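Heads up, the chain below is alone and in the form predicted alone; it's given as structure tokens.
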């Protein structure tokens, strides 16, 4: 059986398993197991455990459950509601202030959690009903939250960037810096489109719903500021080289947990155990996907599929920007069917040498790759954020959610184009803070 047929069969098997509703980690693992078993027979059992374990046996991965715990502590507390309320009170006099405050809350909450689904769920539960109550079109209310939630994997601290850093052996602190300005840029672009979309659909902004006094606007800040300081402190020790990602994540998780417990008086065992339970479920899910993705990548490599694809891309006698366009299409297709973590674990080691040999900055490429993964979060058939929005807003037709999210996909494409024209948006800050990588 030639390499092309083997590759097509294993990919088709994976899509078939995903179509049955099987969890992604199990689908990846089973497709890889069957392919390896057909190739090597019972010999596969000698390497099965070691291969999967090697996918997660890295000390740097300790930072992932710590950042997840940090996010779970915020998402499981009223912190999200306080953040949303504070932004709404400060922006309520701005035309379109509610939709702007929702996207802004998604951006800030992303920095607290590093998780897109958590951001969608936490902000969407409050923001979508309020926007619908004030007459915003269904597609605007749901699409803005679905898109805003994708910022969770771009704005640092980002689990996706951590996985990329470990997979490619690049600096996680530098990756976080590279994501700051693109994250801000994409947030502003989302806000601009939301306002345009509202006006295009005939929605008349009216800022006269509620008037807040300065005292009311300042009331929520004491609870929000500690979280913002923790995020700033975590990023500072990472950027300054004071602590490793694991150390910074551990300290950030501990401080966040203490602030949540003290500020919101979550002294009951059930409340605290719920935070740890939520963090454990998400961490185990991520680690299972990473272990299964490692096995899947090993299967593709054993069948020489990875090497063949990499060689075919590398041997393309085309301009390097045409090469980058091909890579982007490849990533977009992968992101539509697989979660960001799985795509990065499987593709980053293969693409990293290709993009560096073509003269592209690996940290800039990490941001381009991440925005591609954001697109996958709001496009069918997987579209995790779409499912989250559908669950928290069951009265909104699925069609409205899809049509509301689609324009933000185009905004992300525009963001990728801007980054291609002005790569300094991603590279300037890390180069200024840490020096230019030779």
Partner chain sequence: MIKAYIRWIGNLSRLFAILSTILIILAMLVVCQMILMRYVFRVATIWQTDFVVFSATAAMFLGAPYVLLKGGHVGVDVIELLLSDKSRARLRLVGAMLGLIFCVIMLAATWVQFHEAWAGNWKHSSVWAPPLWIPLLALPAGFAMLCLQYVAQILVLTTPGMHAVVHDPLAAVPAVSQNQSNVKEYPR
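Numbering follows the first chain given and starts at 1. Just so it is clear, the structure is predicted and the values come from calculations on it, not from any experiment.
Note that the form predicted in complex with the partner chain isn't included here; everything after this is about it.
Is the gap between residue 276 and the partner chain in the model of the complex 4.5 Å or less for some heavy atom pair?
Close contact exists here: in the model of the complex, residue 276 approaches the partner chain to within 4.5 Å, heavy atoms only.
Within 4.5 Å, heavy atoms only: does residue 331 come near the partner chain in the model of the complex?
Although the partner chain is absent here, residue 331 would stay clear of it in the model of the complex, with no heavy atoms inside 4.5 Å.
Heavy atoms within 4.5 Å of the partner chain in the model of the complex: does residue 107 have any?
Outside the cut-off, so no.
Going by a heavy atom distance of 4.5 Å, is residue 12 a contact of the partner chain in the model of the complex?
Output for residue 12 is no: heavy atoms all beyond 4.5 Å of the partner chain.
Would you check whether the partner chain, in the model of the complex, lies within 4.5 angstroms of a non-hydrogen atom from each of 22, 121 and 254?
All of them do, each having a heavy atom within 4.5 Å of the partner.
From the list 221, 228, 316, 287, which entry has a heavy atom within 4.5 Å of the partner chain in the model of the complex?
It is 287.
Please pick, from 187, 347, 283, 138, the one residue with any non-hydrogen atom lying within 4.5 angstroms of the partner chain in the model of the complex.
Selected residue: 283.
Among 192-200, 81-89, 244-252, 179-187, which stretch has residues with heavy atoms no more than 4.5 Å from the partner chain in the model of the complex?
Single hit among the candidates: 244-252.
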